[in-house]
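Next up: a single chain in structure tokens, the form predicted alone.
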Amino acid sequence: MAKKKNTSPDEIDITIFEWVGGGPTDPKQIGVPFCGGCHPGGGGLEFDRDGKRYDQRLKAEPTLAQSLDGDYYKSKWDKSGVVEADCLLCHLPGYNFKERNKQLKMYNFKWAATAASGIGQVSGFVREDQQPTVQYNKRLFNEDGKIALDLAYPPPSENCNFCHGISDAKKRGFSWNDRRNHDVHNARGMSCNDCHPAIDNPALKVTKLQHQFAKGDENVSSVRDDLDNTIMTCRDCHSQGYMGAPRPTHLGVRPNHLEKLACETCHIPTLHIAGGEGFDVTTGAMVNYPVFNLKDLKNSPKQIGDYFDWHPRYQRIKRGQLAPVNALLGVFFTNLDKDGIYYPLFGRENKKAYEKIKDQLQPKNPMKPELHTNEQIKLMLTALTETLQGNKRFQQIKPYYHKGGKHYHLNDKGEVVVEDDHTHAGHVEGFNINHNVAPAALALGANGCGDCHSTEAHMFKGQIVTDMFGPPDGKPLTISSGRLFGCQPWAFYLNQFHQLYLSPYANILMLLVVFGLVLHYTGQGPKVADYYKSPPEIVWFPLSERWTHLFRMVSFLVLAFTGYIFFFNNITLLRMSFGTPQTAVVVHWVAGLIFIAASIASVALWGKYAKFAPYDKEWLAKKGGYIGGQEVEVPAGRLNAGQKIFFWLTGILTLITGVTGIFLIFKSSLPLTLSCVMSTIHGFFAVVFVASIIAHAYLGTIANPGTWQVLVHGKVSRSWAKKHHSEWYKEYVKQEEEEKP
């Protein structure tokens, strides 16, 4: 957009006049002018930056058209008139939007509303130096000369689509009232105004009469940021039942998914009309490319808006959630000036250089050069270096070519240098995708975790274009979707194991463990002998050890219970037991910290007894008498070899699950790759831990009746100690003899 004050024509690209009505000159071509086509008039379409009407001022000061004033340079405001606020654009059903665009492109600014509303038929075009005339439709007028139009309030959605249907198809693959690109809200008869009403906001000094519409928080645009988040969100409507909106329970969705994923992520899995992949301005005109069919480039959509199924890109939006977006990849040129700023080149500057070398490029399509080899890029950069000489808006000439996260320039030897593009131009942001919401049955997760976590799913493994014309052959360069939002491929496969195999089949593993213990019990029976009836008189577990064991046992049971809820995503049990996911998480954290503290205490208390001794080999050789069905005497210290193995096993498992669990307390701050790794390790070893504890509990209760009582009073009989812990009993008797007076 041209500045108000300029010192050279080189500084002027699109003037205000061209901004309103610029575009193809063929009146039969019904397209959209540069920007005026989607602006309803008034403001900058009516008044200059000094607050004066363009037409009136230019008539009074005709020399302004020859000046370097960005509002008037080479303009015809005095003949075209201005675009006053056109209420009919939104409020008149049947408004002819194409006719309005044609009038604007032909510089018939003040006649545009008359022609588009059908009030009159306009002949003659200012752009062709004709004086437009109007033949009014007298059937619309009363005898007194007044007109009565059937206006609609709120505006019909069709009128909203005059602008948003065109621009948002390119930005987001959006369409409305479309059987191929349906939307559940559209299917329920909702209109644009239901979600985007005129708002009252005293804090912003906004009233409905000011025509300020509720809006979300666009990821790319900076238009009216003061109105951000004035719209009701998906969560607002569906938690309050607004307009009869269903209140989903999401019983099959992990609570943290509801926090970290925008609703649109799952509910807009696929778009069904081609959005834009990007644009290229090499020729001087903006050439738009529809999304690519990466599996078959020849059968890619021909133009934006064609029917074509494609999946969005995912990135973290301003509120920190992962959301679907469409990133329009820019392919364009800048000039690095002495002030260190990369200034985008104007269309005419690109065109001048391209015209000079287009015959040498010999592209398949002369309107789509698609520069991708160093030879082609060198030709264009060299031509720009030559054609920009003498350009008064630059203090130095150093053109750059930007595409695919790289920028290219010529060094002192005239060779092409390729570097990572760390400028703002190299930062890719996507346009938020919010519409064309699929029904719940088609949402991601409706068929289980595999909708996102399988190798065929788009969420992590889908390919996203990062360079539309990559070297060396000009074919698109891609990256896996997961890499874009921070998940390394190896971490994805690890997480895939967690989601597709560990979680679904962990319960089977537990059942197998229990089944194995049942087989052991039925085949061997409990260990019952006369010495169990002997009175307990030797302290085996002092009070400190019993309390430590109690804290470990209770905290582990809490961990296992809450972990079961998280692992199998049992939302019903979660709500019954804790009310909210946050409460369950806090309980899990607290129990985990208590368990870690108790485990550290247990190492301090039992560590010296858990050291392996030579006689443990005999215990292991005879399997402690647990397998075989016959009682056998095996040597053992205060802890037998099996208990030592279990002690160190639980110590290692505590260390692994404890460290990963502490990391997961801060999961929201972790890189996604690390989060996936920690979650998988934590989940896998937690399953092993629970299976180990089940076996331990069996051996300490059912398989050895009476053993559990030791945890209460801490004492055992002499015969039991001599039978099961002979080496420790010898030391006990020896110490007992030494302590006698």
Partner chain sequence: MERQNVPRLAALLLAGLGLLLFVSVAMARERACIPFHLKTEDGKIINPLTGENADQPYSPRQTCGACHNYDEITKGYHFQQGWDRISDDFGKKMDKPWVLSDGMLGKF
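On a predicted model such as this, the values are computed, not experimentally measured, just so you know. Numbering follows the first chain given and starts at 1.
If you look for the form predicted in complex with the partner chain, you will not find it shown, but the lines that follow are about it.
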Checklist entry - Among the candidate residues D420, D412, E143, E456, which is the single one with a non-hydrogen atom no more than 4.5 Å from the partner chain in the predicted complex? => result E143
Checklist entry - Out of Y401, W111, Y354, F469, which one falls within 4.5 Å of the partner chain in the predicted complex, going by heavy atoms? => result W111
Next on the checklist: To test your reading of this chain, name the stretch in 458-466, 384-392, 665-673, 341-349 whose heavy atoms come within 4.5 Å of the partner chain in the predicted complex.
Outcome noted: 341-349
Checklist entry - Do I16 and the partner chain share at least one heavy atom pair within 4.5 Å in the predicted complex? => result yes
Next on the checklist: in the predicted complex, does D86 come within 4.5 Å of the partner chain, counting heavy atoms only?
Outcome noted: yes
Item to check | G714 within 4.5 Å of the partner chain in the predicted complex, heavy atoms | outcome: no
Next on the checklist: Using a 4.5 angstroms cut-off on non-hydrogen atoms, would K5 count as touching the partner chain in the predicted complex?
Outcome noted: yes
Checklist outcome for this item: Applying a 4.5 angstroms cut-off on non-hydrogen atoms, the residues of 146-173 near the partner chain in the predicted complex are K146, I147, A148, L149, L151, Y153, H164
